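Presented below, as structure tokens, is a lone chain in the form predicted on its own.
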């Protein structure tokens, strides 16, 4: 393969950093930390000619093994950083960003220029822009602002043989804000939408151009305690049904997730009997509307729960406080990943899922999930973006037998989600560990159609081997 000073081969201790994501370990033959685009193009041309597998990785925060290589070459984007342009183009405000740019860094540069990019995954301090496009990531503000697809205007990609392709939206084209289901976006009319969410199986995203909003509105964050999971869910569904435009974030933290969150430093003491929280953000124009919004929230909650819970709502309305609350929320998946890794050696670990359902079926679906989870006898948590009908659920297994029990429960939940009009993978994707979910979501003829699209873009099937398709 082409000479490069930044190749890491088997036997080199530095390889360990690149062998795993949050869910699985792999075994690449070589890692290339690309210095520039030419490194990637030359590597792709070489590997395509030799029929060598190529996998792409960023910060390896993936939840599905998508960024893990089981063989072949692993190309890291970590050095391909930077926001290269922010400005007005054709009446739109756009930012052009290299794929290895950490999302939080991109958002900071955009904010300093006076604009707002709203997609904020929980891991935004680690995850990178190219990977967000590859999974159509969402985040805690997705209740109002939707997923990555809503903002992608153009991507420049390298196909499997190293050739370059530019995919962009037509003037006035409105992208879908729909959840992922599994695999490729089946309703695509623009090939850009086929590339978004393709999990590194169709090409290398060399550059992404996103649509920006005007400067972020002011908002306050709140943690609202409830004496039961059921009460918190019913309140959340009520808020979601009203679709108040000023509500930015509507997330759920159940009893198990709250226990995980409490392992973070500084988490306040909620009233005795607190079993669940809503994580809520509301935007406002000025202090008067902020005070009115909080009063409305307080009186609404006071009508649902005993007074001590309403009086214990935690409100954050300055940057330091809001960041503290965000990091408390971030502690939940951080703890879950740590807990899962403890049992890898015994073939146990975290069994995670991010199925989704329409919000009007959410109570029915969550009741089903809790029955299934209780029946396993295993510890579990459910939290995150339920304002969009989209929880993250984790069951924790200590042995291979427990893992099988948890996986069987996950499968039943995914089947139920699809039955209720939802999907098996709303944000994290399918990767390598969830290929068994594809036939739950799609009939065989749709999966075969997807394989046909894959073959058009990557005739030798070298890209992202093992992602999406169990071959």
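Positions refer to the first chain, counted from 1. Keep in mind it's a predicted model, so treat the numbers as computed, not measured.
Here the subject shifts to the form predicted in complex with a small molecule, a form of this protein not shown in this document.
Residues 66, 200 and 330 all lining the small molecule in the predicted complex, heavy atom within 4.5 Å: Each of the three qualifies.
Stretch in contact, per heavy atom within 4.5 angstroms of the small molecule in the predicted complex, of 50 to 58, 402 to 410, 438 to 446, 30 to 38: In the other structure, the partner sits against 50 to 58.
Contacting member of 205, 110, 182, 250, with respect to the small molecule in the predicted complex [4.5 Å, heavy atom]: Among 205, 110, 182, 250, a heavy atom within 4.5 Å of the small molecule in the predicted complex occurs only for 205.
Contacting member of 397, 123, 393, 221, with respect to the small molecule in the predicted complex [4.5 Å, heavy atom]: Filtering the options by heavy-atom distance leaves 123.
Non-hydrogen atom contact residue 139 with the small molecule in the predicted complex at 4.5 angstroms: Yes, residue 139 lies within 4.5 Å of the small molecule in the predicted complex.
Distance check, residue 131 to the small molecule in the predicted complex, heavy atom within 4.5 Å: Yes, contact at 4.5 Å.
The small molecule contact at residue 77 in the predicted complex, heavy atom, 4.5 Å: Heavy-atom contact with the small molecule at 4.5 Å: present for residue 77.
Contact of residue 337 with the small molecule in the predicted complex (heavy atom, 4.5 Å): Yes - in the predicted complex, heavy atoms of residue 337 and the small molecule come within 4.5 Å of each other.
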